[in-house]
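Next comes just one chain, in structure tokens: the form predicted on its own.
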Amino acid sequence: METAIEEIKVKSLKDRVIDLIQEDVPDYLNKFVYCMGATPLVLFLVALATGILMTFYYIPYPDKAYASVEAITHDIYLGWFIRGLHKLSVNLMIFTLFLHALRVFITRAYSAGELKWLIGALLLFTTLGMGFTGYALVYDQVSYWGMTVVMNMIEEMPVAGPAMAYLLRGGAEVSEITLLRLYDLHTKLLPVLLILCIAAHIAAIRIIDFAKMKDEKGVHLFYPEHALKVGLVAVGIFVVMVNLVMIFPPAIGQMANPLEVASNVAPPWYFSAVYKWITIAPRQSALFALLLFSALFVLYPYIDRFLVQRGFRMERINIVLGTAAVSAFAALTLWNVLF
């Protein structure tokens, strides 16, 4: 009798798993532009695996950090390859998250559930934090002064800026405590927060369901059809990444010198537009504008709903705003890089 009951329980659990993986998903997810949400997940898994491998050799102290990165790059077997994959995966993750956020904004997919947008915004900001903290850990001349520039930008933010900069630096100036805190953020707190955000985002999609698109009504099974396509995309991305790392292996500059400002100091590319904006506009006004833009970005689904109720056609407005934002970001980034 007990054996029969156990078999029923096992069968019930099996049925639940089958129901879970064979759930219907919209046909429009077959288009790459609509399934870019899975791409950052694949890149995060690559970053996580390679990052764990590098923690075996990285030493988060100023007098040893640079030497350990140099050893990973030049001495440890395939260390340069693992470091290259890690660096590329984080940068591509940020880039694809930008693209995913832009697609959701243009198509107004956030209207199907504001919670998904809020979690996605937190995921994007957390990933930017991951990119910045990892960039600083190299501790060469460029990354050290790039980190210093970003810290100064944070310090000048209105209201919470000085306290946040003091907390990140562990004092009034960049020191060995700063490196240790950034290492802890990069390898402990931020990865856990990212995993929680990803899990919450997937759960929100499961509960709220996918956004409805105009003229897109067909569905197909998540497994095996959709899962296999996502798997092929993942393999393709990994092959491209391997080739890029082989062609453009990671480099390392001179060791950080706090007494000599680097001539080519610059923040990472995803902060270049912000850095340029702050340098060409009045400082406090520029920082306030950035905070306002961030708040509007997070709360935009609610602004959209408010305007729709008053008769605004948000499809066209979003196309104009999205185009303007991308153009401004590209122009400021190129301006900072080239000039």
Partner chain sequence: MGVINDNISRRKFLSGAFMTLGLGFGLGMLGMRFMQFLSPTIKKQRFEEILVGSVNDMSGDDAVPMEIAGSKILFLKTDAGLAAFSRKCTDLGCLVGWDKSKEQFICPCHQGVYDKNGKNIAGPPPRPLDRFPVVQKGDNIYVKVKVA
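Under this definition, the rigid core comprises the largest set of C-alpha atoms superposing within 1.5 Å between the forms. Here the structure is a predicted model, which means the values were calculated and not measured. Positions refer to the first chain, counted from 1.
In what follows, reference is made to the form predicted together with its partner chain, a form of this protein that is not presented.
| Which of Gly231, Pro258, Pro249, Pro158 has a heavy atom within 4.5 Å of its partner chain in the predicted complex? | Exactly one listed residue reaches within 4.5 Å, namely Pro258.
| request: Let me know the one among Thr55, Thr279, Ser294, Ser285 whose heavy atoms come within 4.5 Å of its partner chain in the predicted complex, would you? | output: The option sitting close enough to the partner is Thr279.
| Taking heavy atoms and a 4.5 Å cut-off, does Arg103 contact its partner chain in the predicted complex? | Judged by the heavy-atom cut-off of 4.5 Å, Arg103 is well away from its partner chain in the predicted complex.
| query | Contact between Leu122 and its partner chain in the predicted complex at 4.5 Å, heavy atoms? | reply | The answer is no: Leu122 has no heavy atom within 4.5 Å of its partner chain.
| request: Determine whether any heavy atom of Asp75 comes within 4.5 Å of a heavy atom of its partner chain in the predicted complex, and answer yes or no. | output: Contact with its partner chain, no.
| task | Classify Gly170 as contacting or not contacting its partner chain in the predicted complex by the rule of any non-hydrogen atom within 4.5 angstroms, answering yes or no. | result | Close contact exists here: in the predicted complex, Gly170 approaches its partner chain to within 4.5 Å, heavy atoms only.
| 237 to 245, 67 to 75, 93 to 101, 160 to 168: which one contacts its partner chain in the predicted complex at 4.5 Å, heavy atom to heavy atom? | That would be stretch 160 to 168.
| said: in the predicted complex, does each of Met153, Arg181 and Ser263 have a heavy atom within 4.5 Å of its partner chain? | reply: Yes, all three are in contact.
| message | Is the shift of Ile195 between this form and the one not shown large enough to count as movement, that is, does its C-alpha move by 2 Å or more after the core is superposed? | response | No: Ile195 shifts by under 2 Å between this form and the one not shown.
| query | Ala163: with the rigid core matched between this form and the one not shown, does its Cα shift 2 Å or more? | reply | Comparing forms between this form and the one not shown, the Ala163 CA shifts at least 2 Å.
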